[in-house]
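Quick setup: one chain, the form predicted alone, written in structure tokens, and binding and motion questions come after.
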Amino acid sequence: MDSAPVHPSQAIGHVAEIYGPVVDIACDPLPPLHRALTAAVDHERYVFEVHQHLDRTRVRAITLHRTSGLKRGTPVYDTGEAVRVPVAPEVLGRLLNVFGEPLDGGEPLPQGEFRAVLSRPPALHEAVPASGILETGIKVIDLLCPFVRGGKTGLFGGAGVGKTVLIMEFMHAIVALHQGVSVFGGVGERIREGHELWHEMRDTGVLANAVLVFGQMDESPGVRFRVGLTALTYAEYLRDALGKEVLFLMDNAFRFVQAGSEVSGLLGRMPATVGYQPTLLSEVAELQDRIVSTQRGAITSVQAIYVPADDMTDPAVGALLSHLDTSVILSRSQAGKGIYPAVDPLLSSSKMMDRHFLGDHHYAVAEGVREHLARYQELEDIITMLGIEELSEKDRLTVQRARRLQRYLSQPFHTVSEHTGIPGVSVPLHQTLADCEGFLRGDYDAVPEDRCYMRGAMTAER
């Protein structure tokens, strides 16, 4: 890779107009699209990314900072390249911003090797298809919507249903179970959550095997639009340099789309469906197509996706959904029942829920659990109006087993054990399958429902 860029001393132009985060720059010659330009005011450095050529002498750029302090006539310099970040093995354990600069008060990363945040995905012949299940130790996930090693998973849900907690638990699992590394991209979320995550990971010892890249809610739309690509650049570097299992987490992918919509509006583009940018599909693909495993290592992606007004037909949600292997739907009704993780077992799915991929045993147990839970959902209205006594004996038995299964699929997490007072548990997939098979056979019909709730394996209850 390249060494640090040498900035020319001769200015190529100056700031002509400023509209919030959008800056028009008069310059000669015109820099190409996506070129990084810089300016300095009172020891403050500003970085602009070129997005439009307005005419022969002006370009329109997005500022990757706040624009306070900038003024007309400020000289602008060409870096000679796109936005780049320093990469080095020392990146593990660090908290960084969109430029790879430290946010944790530590030393800057070595400036020896750089990678562009905008790059092409690996060639088709280099890519390795997704293979096998990546066990998480989370019962409901491993059983009904398993993660695919080298695949992409989306956690869909409205506000406050537990997306961030679930992502933190995945980071814990990838370090504890797979000795891998994690890259977390905080895109447009609350800075409080980022602060809590950093402290939580440092206290639990997970931080040493993770990289955190933040561009939070208070940042400019240009930062929120690019910080996901910065995080992905570090994931690609760890895949290529360390050859390890890399877990790439993004919280929140919807905020990436939202930032793109803001940028598009600021650039003067006409909005498309439901007010989203006309470039929605290509921007999502630009990010998602780079999440690829190669011969050198695997990247498995988990993305939290906020669902506006709990509407799964939203165009942004649809654009993201089309790239995913596994969809985990977090339900407000499950959270209302106190079932955490609040995964909806009937709406959540995986493209790999296939007898040939999972094996006959896993597939049969998963289908049996789904059938029981689906039948229970069908009968809920009748139970509410007439009572469970009005059901046939067969349906009554199905409902009782489904209620136990529903509670069994709840689980205490390691990352929130301090707050809940319940020690976190991790359950191997073979144990989850054995327990669920026991429920379907009727082995646990005599066990009270509350003994199935918020626990690990059922073996001790036999």
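The structure presented is a predicted model; accordingly, all values stated were derived computationally and were not measured. Sequential numbering from 1, following the sequence displayed.
Absent from the display: the form predicted together with a small molecule. The rest refers to it.
Peer 1: I'd like to know if Gln277 sits close to the small molecule in the predicted bound form, meaning any non-hydrogen atom pair within 4.5 angstroms.
Peer 2: No, Gln277 stays farther than 4.5 Å from the small molecule in the predicted bound form.
Peer 1: Can you work out whether Tyr306 and the small molecule are in contact in the predicted bound form, taking contact to mean some heavy atom pair no more than 4.5 Å apart?
Peer 2: Contact check for Tyr306: yes, within 4.5 Å of the small molecule in the predicted bound form.
Peer 1: Taking heavy atoms and a 4.5 Å cut-off, does Thr57 contact the small molecule in the predicted bound form?
Peer 2: It does not: once the small molecule is placed as it appears in the predicted bound form, Thr57 has no heavy atom within 4.5 Å of it.
Peer 1: I'd like to check something about Gly368: if you look in the predicted bound form, is any of its heavy atoms closer than or equal to 4.5 Å to a heavy atom of the small molecule?
Peer 2: No, Gly368 stays farther than 4.5 Å from the small molecule in the predicted bound form.
Peer 1: Here the chain is shown alone; which of Glu219, Asp142, Glu189, Glu245 has a heavy atom within 4.5 Å of the small molecule in the predicted bound form?
Peer 2: Of Glu219, Asp142, Glu189, Glu245, the residue with a heavy atom within 4.5 Å of the small molecule in the predicted bound form is Glu189.
Peer 1: Go through Leu386, Ala159, Ala285, Ala127 and name the one with a heavy atom inside 4.5 Å of the small molecule in the predicted bound form.
Peer 2: If I apply the 4.5 Å criterion carefully, the residue I get is Ala159.
Peer 1: State yes only if every one of Gln52, Arg226 and Gly260 has a non-hydrogen atom within 4.5 Å of the small molecule in the predicted bound form; otherwise state no.
Peer 2: No, because Gln52, Arg226 and Gly260 lack any heavy atom that approaches the small molecule to within 4.5 Å in the predicted bound form.
Peer 1: Can you tell me which of 334-342, 89-97, 197-205, 355-363 lies within 4.5 Å of the small molecule in the predicted bound form, counting heavy atoms only?
Peer 2: Checking each option against the 4.5 Å cut-off leaves 334-342.
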